[in-house]
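Here we start with a single chain on its own, the form predicted on its own, put down as structure tokens.
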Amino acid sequence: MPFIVAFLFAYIVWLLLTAGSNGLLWSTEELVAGLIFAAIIGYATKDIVGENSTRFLNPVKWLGFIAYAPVLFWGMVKANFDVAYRVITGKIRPGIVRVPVDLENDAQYTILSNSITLTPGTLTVEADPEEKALYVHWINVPKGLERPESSEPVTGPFEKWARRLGR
């Protein structure tokens, strides 16, 4: 089952990325090439996808990620302006911050860590599920937030979404 799920996911992504290259449809060569590449990717990632592979086929999960995209995009826009301001003014106070999180599984840690890392000015250095914490390099650690009580100052709404999407 993991191979089939990885294959279908890779093929759908291929179709989305090549859509419209031949009008609204795909050429025969694109469809065949997509099948070949999706089979290779499916075989190579079948062990990574693992037993929970059917989660990738759940349309509710896809809708959740689609709903999360504007939240992540807005966080990235705000962070870009903040980083541009800090580059122009030189007002930075970089540091690594231990961020306490309330997450339950690896999928939630991965979603949150990637969301933080995609946001300019922050980089997830380590995820420690045993400690229930992330270590994040932050371009400007405000005074008093060297050891935040919650994740809100660093992650904003991302933790709530990671908890919801990673179930």
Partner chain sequence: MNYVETLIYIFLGISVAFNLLGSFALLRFPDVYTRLHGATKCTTFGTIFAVFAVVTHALYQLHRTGDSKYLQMALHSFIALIALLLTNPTGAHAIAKAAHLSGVKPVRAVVDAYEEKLGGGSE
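Here the rigid core means the biggest group of C-alpha atoms that line up within 1.5 Å when the two forms are laid on top of each other. Since we're looking at a predicted model, the values are computed, not measured. Numbering follows the first chain given and starts at 1.
Quick note: we don't show the form predicted together with the partner chain, though the next part is all about it.
Judged against the partner chain in the predicted complex with a 4.5 angstroms heavy atom cut-off, the residues A6, A39 and K46 are out of contact without exception. In the predicted complex, the partner chain lies within 4.5 Å of some heavy atom of G121. Contact check for V125: a non-hydrogen atom falls within 4.5 Å of the partner chain in the predicted complex. The partner chain is not drawn, but in the predicted complex it has no heavy atom within 4.5 Å of E104. Not displayed here, the partner chain is kept clear of V71 by more than 4.5 Å at the level of heavy atoms in the predicted complex.
Within 4.5 angstroms of the partner chain in the predicted complex, the stretch 1-17 places a non-hydrogen atom from each of L16, L17, taken in sequence order. Residue displacement note: E126 has its CA displaced by under 2 Å between the shown form and the other one (rigid core superposed). For E30, a C-alpha deviation of 2 angstroms or more is recorded between the shown form and the other one after rigid-core alignment.
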